[in-house]
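As structure tokens, one chain now follows by itself in the form predicted on its own.
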């Protein structure tokens, strides 16, 4: 079973043919009406509210039946007063906020050691053949999903930088030319890094492509997304802080089986900065080969974290993001960004905005000015789902990295609410946490609300920094659990967000439990633009109608 925001859930199968479950609202059904009032299951107050609502609805229907009978004038007045009291109590109960927080999982994982996989492990296998392309990965290449950027490394010499591709296996009718470059990091010299943009692709089409030359060439495939459309169904995977340990391998293997079509990656890739000197570049290479089983076939939408900065003055390396920016390119120019570290893409029915937690973002900076304009470009009639990626969570109840996102929150939170962002994914904290819809925009240094409060216009905040890196899990959550926190657990795993239509999406977080993918936290996400407030508007209309009838008795 899964949980719908603000209401009890049905089985996942019930949503396979959903269009909009809010189109019907039978006012004569006690069970269905109370279903609309159910919150998430974590609050005893919410459960009490539900039971009382059921009672008052039942009482109201009974009174309505009595109204149809012949009553003496005094009896009518008594009944009217009683009905008025019931309705007032009913409205009061609806408005009660949940008074306690969600669930802190008691699960304790018997984890593999948080150490990197040995260099000679098959997960890092070098492709056979002289100068064979390796570390192959693709990402979206334009704003709307009709282009891809294919990247790879040739270790011995530059070799050809073109990509042959077509819609039939082993038949490559078209070719595109890319660029090639290499770089040094301390005394490490990288292989030859190729980036090739393929444009003008057809939507929802499978393409086969070949890179390299002769016997060392390699073939892969990818599938383009459906055209940008408000009801385009699509499934995203969400991974963060992956690293290259055996826990990382478990996460990656489970994700590959998820059926997701694109990864939204929330930063901290290789953890190569945990090494020194030439081993830094070496561990970037092993990570590129490690992820190739997925990235050569499915696009990964990249965002950078603190472990991509690679600021190492003791080695003479002081240019931030040097390794990352040479290896992982993004379509930032397509969204009028001035940096590959922040950008936006539209894919199927989603508008995805990537922010950089470690680039300037205060007023007047390039990232600030860009985001201000990009939010204005969002068209919820075409892309109803507005998703934001960043590395540092704006809300976090873990002792690790506590309050590190506060400065970005104070700058951007009001925009995120104004434009009704649906969900924000972050990493950084090596645990999992999901929030309710909350905000803290009323707070200032001299007054206002001191704590986050429920806010139906706010995003859901989800931290998925639990990919499996060598720093281990962040198991020390704050106690007591804050009221805004719905679910949290210190385990490794990955998430999926399956968009069904313009109004609803199904979210899952899957724990990697001793090598098994275990679904642990699930809920149905209602779209902020198309799905929000419709239920409340109908309920409000219903209550006003009933009150008018009472007044006119």
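Residue numbers count along the first chain shown, from 1. Keep in mind that this is a model prediction, so the values were computed, not measured.
This next part talks about the form predicted together with another copy of the chain, which is not shown.
**Q** Under a 4.5 angstroms heavy atom criterion, identify the one residue in 192, 222, 287, 361 near another copy of the chain in the model of the complex.
**A** Only one listed residue qualifies here, and that residue is 361.
**Q** With another copy of the chain left out of view, which of 450, 128, 171, 376 would have a heavy atom within 4.5 Å of it in the model of the complex?
**A** Comparing distances to another copy of the chain in the model of the complex, the residue within 4.5 Å is 450.
**Q** With heavy atoms only and a cut-off of 4.5 Å, decide whether residue 245 touches another copy of the chain in the model of the complex.
**A** No, no contact at 4.5 Å.
**Q** Using the partner position in the model of the complex, report whether residue 203 sits within 4.5 Å of another copy of the chain, counting heavy atoms only.
**A** Heavy-atom contact with another copy of the chain at 4.5 Å: absent for residue 203.
**Q** Answer yes if any heavy atom of residue 482 is within 4.5 Å of a heavy atom of another copy of the chain in the model of the complex; otherwise answer no.
**A** Yes, residue 482 lies within 4.5 Å of another copy of the chain in the model of the complex.
**Q** Is there any non-hydrogen atom of residue 311 lying within 4.5 Å of another copy of the chain in the model of the complex?
**A** Judged by the heavy-atom cut-off of 4.5 Å, residue 311 is in contact with another copy of the chain in the model of the complex.
**Q** I need the one stretch from 361-369, 176-184, 146-154, 255-263 whose residues put non-hydrogen atoms within 4.5 angstroms of another copy of the chain in the model of the complex.
**A** Result of the contact check: 361-369.
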